[in-house]
Structures are given as C-alpha cells and as structure tokens.
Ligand code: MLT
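In structure tokens, the next block holds one chain alone, the form predicted on its own.
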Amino acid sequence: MSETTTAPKVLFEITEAHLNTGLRGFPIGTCRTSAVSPELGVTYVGWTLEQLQNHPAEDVIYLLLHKELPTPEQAKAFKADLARRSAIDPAVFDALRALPPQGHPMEWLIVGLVLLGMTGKTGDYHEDALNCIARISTLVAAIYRLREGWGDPIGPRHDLPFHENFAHMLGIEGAHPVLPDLLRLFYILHMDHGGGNLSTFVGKAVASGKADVYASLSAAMAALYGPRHGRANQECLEFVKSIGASDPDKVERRVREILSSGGLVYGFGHAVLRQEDPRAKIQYAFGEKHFPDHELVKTAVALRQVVPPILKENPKIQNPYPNVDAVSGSLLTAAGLTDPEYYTLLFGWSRVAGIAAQIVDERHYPGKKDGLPIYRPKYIAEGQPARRP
C-alpha cells in the first residue's frame, strides 16, 4: 500500500512587487497569543478586549503565557509569584542614576532592560520572561523618578495589585484617583498585537539567535522607540492639543483647514481594521465616565464625531475610524501623567508582556527541541554584477 502525501497549502504567492515592502502582510509564522481581525480587532487567545477589559492585569498576563484564564486559585498564586519576583538589583538604580537626563525615556528603558539581564538573568526563557514582566513596573517607575529628579525609586508593595503597585511606585503628586485603573486598562489594551508588528518581530528575531529575553526585549524596545511605531500616542496628543476647541463645529472647521493645507489627522485609521478600533471604544467610554469635563478629552470625543465623515469623503481611505492612539494621550494627561515624552515608555511597559510571551512560545515550540529556527529571510542581490578575476 503506497503512502499518500498532502501538498502544502499555498498561503501567499511571492512576486517581485513584494520585495522592499517591509514584509507587509507576508506570512512567515504562527502566533498563539493574539490576533488582529478586521471585524473583532485585537483578541488575546480568542478573547476580545471587551471581554477582558475589566480583568486584573495579572489574569491577562497569565492568559498570554498559559493560553487560558486562571482559576481563582491560580490567579492568587500567580499574583503572589509576580510580586515575589518584582524587586530588582540596586545596581540597576545606580547605573540609571549615571545616565544623562537628556536621553529619551525609551533610551533609558533600552539600557534598563540590558541592566536587568546583566544582574538577574537565569538563562531559562520562561523564568526570565516571568521575571522581566514582574520587574518592568519597578524599572519603568524608577526611570520616571530618576530621570525627572523626583527622588529615589519607591519600592514595590507586594500587597497591591499589579496596576496599583505601579501607580504607587510612580508616586505622581496630584494624580487623579482613577489613575491606577487607567493604567490597568492601558496595560491590558496594549499588551499584544499579533506576531508581526515591528517591535514583536524584532524581539523574536533576536531571540531566535539564542539571545536572552532581556537582550531580545531591549532590541524590541529599540524598534518601538521609532516614530513610525511607538510614538503615535504622543503625536495624537499633540494633534488633539492643536485643535484648540471642543465644540464640534469649530473642530470640524479646524480639521478641514488642516487637511486642505496638506496636514495630517492623527489617531484615525488602521492597517487591518475596517471599523472603529475596540481599544478606542473602551478608552472613550472610560474618558466619558471619569473625565467628562476635561477639555482635551472633550476635544478627542468631538474628533471622534467629526473626523470619520470627513475622511469618508476620500474614497481611497479604507478605515476613517479612531484607533487605539486617538484618545489615550488625552486620558493619561487628564489622570495626571502630563508629559507626553513618557507615553512611548508606557507603551513599552505594557508590550513587554506580549513580546515576552511570544518569545517563550517560539523558544519552546511544540515538537522543536531547540525552538523555531533562527530568522534568516532571503534578500535578492541587486546592482551587483559578478566580477571575474
């Protein structure tokens, strides 16, 4: 009896037109933690963000790592485990104190992650991922305090939930009482975004060469640092501020002026989604509940009403709706985090969990003793004629 084989499924046909396009839309692997759907937006292991938005941050971290939500007993044990891991070597703080304050917060984070690795890596991807996720709040809060000259880092409190502990370590004077819950929501909404965004791809590619979790995440944060990737929420806040009004009629006039002069409207559109980003919907609801009278939030809400109909006038625009960055900066400002230079740092604070979980998945891939192979895409030689001796 002869054996039969099934031909591999053709997922993508490569043409010359696909070269030098940043691998956009080109499938190169699988992702177990999250997906991005035109209809549902971002989902984590099949759960929509609407379903997860009220969960503790620790539960969603557990979901990305274990591919299921924890039972109450598992949740309690996992929270205690993260708390136990959260302290970092004082040598990290000493090294951070020596950094130049003019360095961008993301540059401090890139250095800080390498320092965490130098002082605490175990060499086990799963253990190091857990440690890094647990320690990232301590590190980021220390970066805030030391770079701004607010005083020494504040130690973690093991009795507090993940997001409340982070707010405690930040020690923001005059912060809105709802800041901890906003940080919890921000963290959950930004934790993961499929497998192919630049920072995640870079982190996994570096780890494929058997670099440790900390070095891989440092590289991922260098990718996130770029203005094309992680600084969108900062640009959106600057755009909201530039509108200078919250009355819908005035906002519409201002938006049309910007577009007619060749300017850009920030915070609208998405490469995959074809409807309003669920992450934006969740944040707008939070803002209308907690900051209904804050002028920047009111402006962001007015933009949500005004911009999509204007953008729909251009038939080339496939998604005129708000994305995750449209209102996040306004909410952070309203809650007391008023310096937008740190917003990408907060993005990195949350994204570490998703990238670390994906690194673990690829280094401990089922059926692959040594994990997935090293990333090595092919480049076609161009303009390099062979030179004969």
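One-based numbering along the sequence shown. Fair warning: this is a prediction, and the values are worked out from it, not measured in the lab.
The protein also exists as the form predicted together with ligand MLT; that form is not presented, and the subsequent description refers to it.
- Figure note: of the listed segments 299 to 307, 97 to 105, 190 to 198, 243 to 251, the one touching ligand MLT in the predicted complex, with heavy atoms no more than 4.5 Å away, is 190 to 198.
- In summary, among the residues R231, R85, K79, H270, the only one with a non-hydrogen atom within 4.5 Å of ligand MLT in the predicted complex is H270.
- Taking the partner from elsewhere, no residue among R184, F286 and H290 has a non-hydrogen atom within 4.5 angstroms of ligand MLT in the predicted complex.
- Taking non-hydrogen atoms only, K204 never approaches ligand MLT to within 4.5 angstroms in the predicted complex.
- In the predicted complex, ligand MLT stays beyond 4.5 Å of every heavy atom belonging to Y343.
- Heavy atoms of W349 never reach within 4.5 Å of ligand MLT in the predicted complex, leaving it off the interface.
- Contact between R279 and ligand MLT in the predicted complex is found at the 4.5 Å heavy atom cutoff.
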